[in-house]
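Taking the form predicted alone, here's one chain by itself in structure tokens.
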């Protein structure tokens, strides 16, 4: 069952931002599987007068390949609607003159083709999955510890996410290891960074109070959105855990069974 008090904002709402993994689909072998009702829910949002964007910390594929994967699952999504950390990180690197040592999944490397990587003066880590070996982490550590002013960029800060066979460690766990070893604080590019959420709002031309975030990650999706002034709704799919509803610092504006239920409740408020 869903909470019944949150969709009161539906009438004044102008835009919806959706997390992807755990909300639209569960990742796994063969590109993953769509969560029941999510394909139709996206269609309903697109047929409404609401603006729609997708906000992901996906860092195993470049955006084009990621969108192609979702299209194969049956979703109506275009690259211009998807906001992910890598393009944002590339912009930051160029703006600030950084040359990265990359610890990312091979599928993400093309996103950084336009960036100078000679003689690195920072480290960028993403969800490198099985590439998070001791050797690769130690190499990143040595780059950082050898810099007078070490800078670590993390593409997202998630602790874990849901694969088809269970939960899997996310980039945040490895980010914390490098923070501890090098006595530094990483700069997170992606959720829950306020700058990342603001870039999505800017693209829609909306104020924070006019938009709603729907995600499965209480801290990075819901909490991150709330810190920007948006409302945040959590779905009971993906990485959701029952203990999320008793979290000590983040309380969702609403909790629903899945995206389909959230969309039906929002659209019902608008009629």
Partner chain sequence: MAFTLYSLIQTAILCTNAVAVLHEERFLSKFGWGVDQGVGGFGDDPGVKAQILTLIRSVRTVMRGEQVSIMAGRRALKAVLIDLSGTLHIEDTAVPGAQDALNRLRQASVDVKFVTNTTKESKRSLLERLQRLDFHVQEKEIFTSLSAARSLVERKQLRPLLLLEDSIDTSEPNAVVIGLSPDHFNYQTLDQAFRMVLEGAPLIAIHKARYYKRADGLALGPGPFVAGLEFAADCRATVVGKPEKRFFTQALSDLGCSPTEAVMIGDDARDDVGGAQNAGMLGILVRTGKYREGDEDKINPPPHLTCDSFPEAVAHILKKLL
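Owing to the predicted nature of the structure, the values given are computational and were not obtained by experimental measurement. Residue numbers count along the first chain shown, from 1.
The same protein also has a form predicted together with its partner chain, omitted here; what follows describes it.
The stretch in contact with its partner chain in the predicted complex, judged by heavy atoms within 4.5 Å, is 139-147, chosen from 72-80, 197-205, 109-117, 139-147. Using a 4.5 angstroms limit between non-hydrogen atoms, residue 95 is distant from its partner chain in the predicted complex.
In the predicted complex, its partner chain stays beyond 4.5 Å of every heavy atom belonging to residue 100.
By the criterion of a heavy atom within 4.5 Å, residue 153 is excluded from the residues contacting its partner chain in the predicted complex. In the predicted complex, at least one heavy atom of residue 163 sits within 4.5 Å of a heavy atom of its partner chain.
Along 161-183, a non-hydrogen atom within 4.5 Å of its partner chain in the predicted complex is carried by 163, 166, 167, 168, 169, 172, 173, 174, 176, 177, 180, 181, 183, in order along the sequence.
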